[in-house]
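Quick setup: one chain, the form predicted on its own, written in structure tokens, and binding and motion questions come after.
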């Protein structure tokens, strides 16, 4: 297979396209769409988001030291895109996209997006000023999950919520499962024949 060599750049795709809600110390809040986000650590539970300093929400993140990562779905695709291309300086994204401010369940003041199936409430522990983006490392304080996606056995069916991914400028719906963690090394069950 022939390869082309390109200049250094970020080509780690697909990524989650999430809506981040935050608030400043005066009670103003906003939503911004972020694709530069992910898991840092399991124990303690830690995540990160990377944000450009010129973004309207940046000062809110710095002042309050908290945010909520709201997972997005196919039903939230338009709102996800809108909150990434419009500035909170000019418009109330909550009102414009008919999104509902929900209450965080931990000590986080920032609102959650009620329409999101998962809200991850976070407190910033460190800000790394890396260049075009500053990385906000944060401890997860609480996670809210939508009861409508719980199965009868009490398992949360996250992969049936219609999650969105972002890849190279496009939003994509996640598809069918092709395996579960560890399936490549799992021993096959041999069915016993009945006598």
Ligand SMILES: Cc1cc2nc3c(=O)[nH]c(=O)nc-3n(C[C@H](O)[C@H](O)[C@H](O)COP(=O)(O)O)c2cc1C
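Here the structure is a predicted model, which is why all the values come from computation and not from measurement. Numbering follows the first chain given and starts at 1.
This protein has a second form, the form predicted in complex with the ligand, left out of what is shown; the following refers to that one.
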property: 4.5 angstroms heavy atom contact with the ligand in the model of the complex for residue 117; result: no
property: Close approach of residue 88 to the ligand in the model of the complex, 4.5 Å, heavy atom; result: yes
property: Residue 47 within 4.5 Å of the ligand in the model of the complex, heavy atoms; result: no
property: Residue 133: touches the ligand in the model of the complex, heavy atom cutoff 4.5 angstroms; result: yes
property: Partner-proximal stretch of 122-130, 153-161, 140-148, 51-59 relative to the ligand in the model of the complex, 4.5 angstroms, heavy atom; result: 51-59
property: In the model of the complex: members of 30-53 within 4.5 Å of the ligand, any heavy atom; result: 30, 31, 32, 33, 34, 35, 36, 50, 51, 52
